[in-house]
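As a starting point, one isolated chain is supplied in structure tokens, in the form predicted alone.
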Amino acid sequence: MLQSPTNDESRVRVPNTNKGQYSPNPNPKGDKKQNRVIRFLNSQKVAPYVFITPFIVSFLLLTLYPTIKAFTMSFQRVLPGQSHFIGWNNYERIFNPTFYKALQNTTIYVVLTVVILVVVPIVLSVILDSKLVKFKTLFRASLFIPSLTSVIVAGTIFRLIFGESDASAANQIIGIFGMEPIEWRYNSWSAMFLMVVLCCWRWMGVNMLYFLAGLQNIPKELYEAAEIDGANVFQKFYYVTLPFLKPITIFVITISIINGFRMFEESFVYWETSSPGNIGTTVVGYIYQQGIQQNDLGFGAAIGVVLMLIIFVISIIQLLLTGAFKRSDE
């Protein structure tokens, strides 16, 4: 009598190249283990952790570990090949006139860039979203392209435009109005102007796209209802557009504050190592001067820890004032 095949033989068969017939799978246990692993990774409880694993690994290696290392280093005197703890000496050295000047420059820079990079992109996004503007894609692309440009390359061009000679483009333009040539990189107000202009030129298009994305989510029926109630253009902007753009505005303000306090390239591209009278020195630039140029890594790490605390406190205050922590039903 013919015997029926076993369960393993009936489920999986592999081709037998020698006899031209099918024979049982030589390793059914290996396939079972592989299928079990795949089912485990695809399960609802495990799959989310699999997807976030790259972020967790990068966060631990590139963010958390350097932060802990910098905090530890801030209590040390670091020399080539050796380091030893010196207590709070590095923090006691921070509060000096140079640090205060760098913090003042950074704060003014943050305030100016936040105001400009929030107000102007909102206005530009509303204009580009209107039906009156043609070639919208061209204008959006032209405003976004500066963000793809290297800061060093753009800064070199800006240094030529705002040069100290009478032949520079900026001095020729102001000369048309009867103004004297300006030494742009050697005056306090013009130095801040150069840094703010370079930053705003670079990030204006990015913030504008954020607000344009937010405008697409505003129901058109609200504008129609406002027109029926007799609202003009400014009233529709104030009572309809701005409230719906609040989440985007909070986001843009937050990233502008963080990027403003950690600004370094805009200052370095104009003055490189140091500026006259520290008119262009920022907190991160001061970290670079002390930690890298002066080879005082412990002191530079202490300044970095203080800067991190300043950014954290200001960001929390800003989020509390804008109501970012409130629930939507409150």
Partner chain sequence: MERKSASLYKWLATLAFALISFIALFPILGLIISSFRSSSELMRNGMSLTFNLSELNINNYSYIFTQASEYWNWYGNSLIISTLTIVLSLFFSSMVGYALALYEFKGRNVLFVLVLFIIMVPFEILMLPLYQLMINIQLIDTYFGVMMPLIVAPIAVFFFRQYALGLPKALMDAARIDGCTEYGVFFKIMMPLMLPSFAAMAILQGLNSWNNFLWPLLVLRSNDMFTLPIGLATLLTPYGNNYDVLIAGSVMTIIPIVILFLFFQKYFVSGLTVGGVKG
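Residue numbers count along the first chain shown, from 1. As the structure is a prediction and not an experimental result, all values here were calculated from the model. Between two forms, the rigid core is the largest collection of C-alphas that superpose within 1.5 Å.
As for the form predicted in complex with its partner chain, it is not shown, yet the points below apply to it.
Three residues, 101, 115 and 275; all within 4.5 Å of its partner chain in the predicted complex via heavy atoms? Zero of three within 4.5 Å in the predicted complex.
Considering non-hydrogen atoms and a 4.5 Å limit, does its partner chain approach residue 159 in the predicted complex? Contact check for residue 159: yes, within 4.5 Å of its partner chain in the predicted complex.
**Request:** Report whether the minimum heavy atom distance between residue 85 and its partner chain in the predicted complex is within 4.5 Å.
**Result:** Heavy-atom contact with its partner chain at 4.5 Å: absent for residue 85.
Are any of the heavy atoms in residue 43 no more than 4.5 Å from a heavy atom of its partner chain in the predicted complex? Yes.
Would you check, heavy atoms only and a 4.5 Å threshold, whether residue 232 touches its partner chain in the predicted complex? Residue 232: no contact with its partner chain in the predicted complex.
Original post:
Can you pick the stretch from 187-195, 119-127, 103-111, 87-95 whose heavy atoms fall within 4.5 Å of its partner chain in the predicted complex?
Top reply: Only one stretch passes the 4.5 Å heavy-atom test: 119-127.
Along 149-173, which positions have a non-hydrogen atom within 4.5 Å of its partner chain in the predicted complex?
Heavy-atom contacts to its partner chain in the predicted complex: 149, 150, 152, 153, 156, 157, 158, 159, 160, 161, 165, 167, 168, 169, 172, 173.
Would residue 50 count as moving between the shown form and the other one, using a Cα shift of 2 angstroms or more after superposing the core as the test? Comparing forms between the shown form and the other one, the residue 50 CA shifts at least 2 Å.
Worksheet item: Aligning on the rigid core, do we see the C-alpha of residue 264 shift 2 angstroms or more between the shown form and the other one?
Response: It does not, since the residue 264 C-alpha is displaced less than 2 Å between the shown form and the other one after the core fit.
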